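Next up is one chain by itself, shown in structure tokens, the form predicted on its own.
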């Protein structure tokens, strides 16, 4: 799979930070950031950044990987509810499936997402891991 440096740059707020959109009119918070509120249609949406912490709502384990992600198989993908109240789907890393459960605290970490064997680029991004010191053990 070919990684485009220009595409990675354009997606930097999604790949490297959790940029949220908060509507100043109705208070709706959306991920990823969008300039228009999907609830009330307002254009008065400010960009805020998540603290990167939340809780695991649910997860699944994927045993088939798409192109470029073969070395990450099996991959754990979770539904994470950020502390800002937004649910996002994100990869879970550094976790034993037996220790995952609903409500466990998670935090965002910066990890390698994939390699590009064509031109040698490495793409990094955000994954979530279980917070060890939050009484989850």
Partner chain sequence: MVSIVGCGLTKLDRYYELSEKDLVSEAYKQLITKIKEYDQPDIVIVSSGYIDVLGKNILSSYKISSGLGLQNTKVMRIENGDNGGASIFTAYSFIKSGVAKKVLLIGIEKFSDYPSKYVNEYLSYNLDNDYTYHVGITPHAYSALLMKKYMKKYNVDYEYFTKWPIKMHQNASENPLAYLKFKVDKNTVVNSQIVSDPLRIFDVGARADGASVVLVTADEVAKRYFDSPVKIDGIVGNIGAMNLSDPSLPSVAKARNELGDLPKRDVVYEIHDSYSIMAALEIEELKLAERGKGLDVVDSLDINLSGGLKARGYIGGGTAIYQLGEVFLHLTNQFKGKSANAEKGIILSNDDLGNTSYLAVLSR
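Positions refer to the first chain, counted from 1. Just so it is clear, the model here is predicted, and its values are computed rather than measured.
There is also a form predicted in complex with the partner chain; it is not shown, and the following applies to it.
Undergrad: Could you tell me which one of 104, 37, 90, 82 places a heavy atom within 4.5 Å of the partner chain in the predicted bound form?
TA: Answer to the contact question: 90.
Undergrad: Go through 95, 48, 62, 26 and name the one with a heavy atom inside 4.5 Å of the partner chain in the predicted bound form.
TA: Of 95, 48, 62, 26, the residue with a heavy atom within 4.5 Å of the partner chain in the predicted bound form is 62.
Undergrad: Residue 58 near the partner chain in the predicted bound form, any heavy atom under 4.5 Å?
TA: So residue 58 counts as contacting the partner chain.
Undergrad: Is there a heavy atom of residue 115 no more than 4.5 Å from a heavy atom of the partner chain in the predicted bound form?
TA: Outside the cut-off, so no.
Undergrad: Residue 110 near the partner chain in the predicted bound form, any heavy atom under 4.5 Å?
TA: No, residue 110 sits far enough from the partner chain in the predicted bound form that none of its heavy atoms falls within 4.5 Å.
Undergrad: Find out whether any non-hydrogen atom of residue 20 is located within 4.5 angstroms of the partner chain in the predicted bound form, and reply yes or no.
TA: So residue 20 does not count as contacting the partner chain.
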